[in-house]
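Taking the form predicted alone, here's one chain by itself in structure tokens.
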């Protein structure tokens, strides 16, 4: 299932970067697209704003078919404090812009991609990810209510991600 998670993350990251190349974050001194996976980063007391943070929260496996079908729930949280030049009074507009970016990235056709194994490609090794024999596919995002947290406006969207588990895959 890790291969499916990595594949979904990389696909979403690349699509979001194409929708809004200006949405970036600085993480450990490196500028990168404004998307991260919570479990892959160092623990931090601060929640990044104006970025999308993926968190895997649910998993079920249906072993009835030729290959087990895994269904995973990905929570995508994001927040904005608004633009300081506007005194934060544009929080709603900026959150709506992030909503639109997420819809464009998740709902863009196709809503599937060839599953890839990124193990050899990690850490800047120069190796390309290896294409696997099945696809990762997902549904549309379901958006939770916007929540006011002091000066911050936050939202969590969920996406159901599906994949078939291939022989020997963890």
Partner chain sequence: MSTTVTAVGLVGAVAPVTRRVRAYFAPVNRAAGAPTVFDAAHSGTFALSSPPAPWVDLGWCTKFARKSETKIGALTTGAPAVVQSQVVTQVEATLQLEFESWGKLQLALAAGSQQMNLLQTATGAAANGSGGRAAQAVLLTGAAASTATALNVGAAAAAQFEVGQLVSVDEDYVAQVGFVGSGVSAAYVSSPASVANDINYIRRVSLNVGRVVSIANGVLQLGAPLLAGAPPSGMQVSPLMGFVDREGGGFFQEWSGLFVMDGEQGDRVIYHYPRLQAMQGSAEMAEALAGPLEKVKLAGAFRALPVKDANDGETVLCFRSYLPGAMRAV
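Remember, predicted model here, so these are calculated numbers, not experimental data. Residue numbers count along the first chain shown, from 1.
One more form of this protein should be noted, the form predicted in complex with the partner chain, which is absent from this view; the next part is about it.
- None of 61-69, 26-34, 97-105, 48-56 except one has non-hydrogen atoms within 4.5 angstroms of the partner chain in the predicted complex; the exception is 61-69.
- At the 4.5 Å threshold, heavy atoms of residue 127 stay clear of the partner chain in the predicted complex, well away from it.
- Using a 4.5 Å cutoff between non-hydrogen atoms, residue 141 does not count as a contact of the partner chain in the predicted complex.
- If you check the partner chain in the predicted complex, you find a heavy atom from every one of 3, 132 and 137 within 4.5 Å.
- Residues are counted as partner-facing when one of their heavy atoms sits within 4.5 Å of the partner chain in the predicted complex; in 93-113 these are 111, 112, in sequence order.
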